[in-house]
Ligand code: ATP
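Okay, here we've got a single chain as structure tokens, the form predicted alone, with questions on binding and movement later.
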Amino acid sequence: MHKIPATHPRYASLMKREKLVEGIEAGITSKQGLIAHGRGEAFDYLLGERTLDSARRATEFAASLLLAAKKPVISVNGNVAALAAKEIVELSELINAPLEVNIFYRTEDRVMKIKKHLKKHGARKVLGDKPDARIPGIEHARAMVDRGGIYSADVVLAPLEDGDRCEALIAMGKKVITIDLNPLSRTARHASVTIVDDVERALKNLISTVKAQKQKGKKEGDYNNKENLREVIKEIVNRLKEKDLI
């Protein structure tokens, strides 16, 4: 990893880039994943690289859905594995949900490397290396899933998800929670719950929220994803106005 001084004003952002580059070198992340990350990073500038109130509301509801789920599953792609393996494994243990490797640019070698990476960070149950079912309506590799995992789950946490697979999972009757910095994306608009935040920040917040709700026994409240996405846009616009940028 390239040495970046902690005093650098872009330290956190640059460290994320370094993690993704390391992921490529380790065979975990695809080169295309770098492009996707860059697009998300542009939206993070608009958020002020912070967690908005709207994201906190989405996180509260997402935590309650995961705790109420009969069969939650966490979908993991290359970028999630490279950026937040520690957090995704901790959340998996907290909600008793298996991890399932699911990637667009699929090779069996890459799937096994992601699985090994997750195991290295303490994961006990990682699916996805032996898919035996397909999500209806999708022709690419992300349709390939584990029958005992994503295919039969009632709630799927899918950070950095593809829009068409999100729609297909919803069509199967599942509740889909996603983490997406772009509030305008197809995934964000079709998911049951969209947390508009950086994946590392979002997962850390989700972990602490799940812990708090487990102690309090908090139940699901009212939540409207489309309305919450409107609030995201309002918060972005208000911030730009405050900064005298529009």
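From 1 onward, residues are counted along the sequence shown. Just so it is clear, the structure is predicted and the values come from calculations on it, not from any experiment.
This next part talks about the form predicted together with this ligand, which is not shown.
Student: Contact with this ligand in the model of the complex for Glu90, defined as at least one heavy atom pair within 4.5 Å: yes or no?
Tutor: Looking in the model of the complex, residue contacts with this ligand do not include Glu90, since no heavy atom lies within 4.5 Å.
Student: If you check in the model of the complex, is Ala26 within 4.5 Å of this ligand, heavy atoms only?
Tutor: No, no contact at 4.5 Å.
Student: Given that this ligand is not shown alongside this chain, does Leu83 nevertheless sit within 4.5 Å of it in the model of the complex, heavy atom to heavy atom?
Tutor: Contact with this ligand, yes.
Student: Indicate whether Thr59 is a 4.5 Å heavy atom neighbour of this ligand in the model of the complex.
Tutor: Close contact is absent here: in the model of the complex, Thr59 is far from this ligand, nothing within 4.5 Å, heavy atoms only.
Student: Among 66 to 74, 50 to 58, 208 to 216, 31 to 39, mark the stretch whose residues have heavy atoms within 4.5 Å of this ligand in the model of the complex.
Tutor: Going by heavy atoms within 4.5 Å, the stretch is 31 to 39.
Student: Among Ala153, Leu160, Val176, Val126, which has at least one heavy atom within 4.5 Å of this ligand in the model of the complex?
Tutor: So the residue touching this ligand in the model of the complex, by this definition, is Leu160.
Student: Using a 4.5 Å heavy atom cutoff, which residues in 192 to 206 contact this ligand in the model of the complex? It's fine if the answer is none.
Tutor: Asp197, Asp198, Val199, in sequence order.
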